[in-house]
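The chain below stands alone, shown as structure tokens; this is the form predicted alone.
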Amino acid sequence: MGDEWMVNGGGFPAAERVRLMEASSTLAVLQAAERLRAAGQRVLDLGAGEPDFPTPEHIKEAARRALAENFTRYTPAAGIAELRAAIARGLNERFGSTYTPEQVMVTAGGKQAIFNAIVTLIEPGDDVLIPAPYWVTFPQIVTFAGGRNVFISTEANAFHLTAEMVGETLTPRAKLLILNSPSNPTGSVIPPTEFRRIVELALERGCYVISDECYREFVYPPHVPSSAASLPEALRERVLIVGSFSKTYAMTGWRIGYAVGPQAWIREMIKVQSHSTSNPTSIAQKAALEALTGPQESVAHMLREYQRRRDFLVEALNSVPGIRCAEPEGAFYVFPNVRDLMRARGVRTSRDLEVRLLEECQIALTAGVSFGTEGYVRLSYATSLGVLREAVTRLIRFAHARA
């Protein structure tokens, strides 16, 4: 045997770019909850960022039709022409952009679009600016690409990013800024005027920008859906939009997302995809085409229901001793401050609180440290009001128990 066998005490000699990564914390919560369910316990899952609605019937019918027509072979690596055209047309008609199908690629979920984008741009030693709290996957992909994560704390401004914050954090080696509005995990929304100021500043300093818009449709009044597609064409020359069908159309398992941006960047991303997944699933692409071009009532229905759940949960959490919860402006998460609860119950970290709530109360949620901000937890309200009510009842019992 070679010397490699001695690496990590005889374990697998993982490449450094992988050893430096961490497994998805949100998926780890799901796995821990599944173990308890297998042991017969009733776990309330507020950890998953997954709509509890079924995929609309007309979308499922499009997939059945694709199967019946034997649309089961390879497609172009960038996705089928009809879907790329529909994505470009949808953005252009809604936000006044001028994208062509050649500036669009279809991916196996929004996550693959972000992965393709980062690994085609970032060289070892490049700085990537990421507002915190952040989606857990952003810094892990940067690490994989050899980049350096530079975090912009937004806690002092109620989790709202500003151009001034970006300007104070930009480094000489900054090459990319990642924006996520509405935000996972906070639900905060960057107003269009501030969004433009941020992009202008980033571009002035030579940065590229990824605009993660996976929750674009889920914003609550007075906010309305907005997109980087509405920026002037000159500003969009270094901006990549990432979108997903997963949240908007309750299609998480279908694994369909997309990227729209500069054709040269898209071309390199297609190259990466052609050697990884080859292409997104053919059947799922037909379903996504129907999702975009078919009836949209399901989106409005989900938004109304999410708003009902948000309104209940924010008020209910603020009644729990030791918890302070701001009202999210979009997405379907709350990100409450639990520092007082942790102190009262003798809990040192949000990760410890995550474990104790799962073991003692059978509530699955995600520690704030996973998103780069200690003293908070993320709860998803993409579940029923009944589950949310029971979860709050269990949290109240936990808060009143002795340390």
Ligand code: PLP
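Since the structure is predicted, the reported quantities are computational estimates derived from the model, not experimental observations. Throughout, we count residues from 1 along the sequence that is shown.
Separately, the form predicted in complex with ligand PLP exists; it is not shown, and the next lines address it.
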Report task. Check whether R84 has any heavy atom within 4.5 Å of a heavy atom of ligand PLP in the predicted bound form, and answer yes or no. Result -> no
Query raised in the report: Even though ligand PLP is not shown here, does R216 get within 4.5 Å of it in the predicted bound form, heavy atoms only?
Result: no
Requested in this report: Indicate whether ligand PLP has at least one heavy atom within 4.5 Å of a heavy atom of R197 in the predicted bound form.
Outcome: no
Query raised in the report: So, in the predicted bound form, is G330 in contact with ligand PLP at a 4.5 angstroms heavy atom limit?
Result: no
Requested in this report: Just give me the single entry in Y208, F115, F159, W135 that has a non-hydrogen atom within 4.5 angstroms of ligand PLP in the predicted bound form.
Outcome: W135
Report summary line: Answer key: of K286, R236, R310, K247, within 4.5 Å of ligand PLP in the predicted bound form (heavy atoms) is K247
Report summary line: Assert contact_stretch over 224 to 232, 289 to 297, 179 to 187, 93 to 101 against ligand PLP in the predicted bound form, heavy atom within 4.5 Å, equals 179 to 187
Query raised in the report: Which residues in 354 to 372 have a heavy atom within 4.5 Å of ligand PLP in the predicted bound form?
Result: none
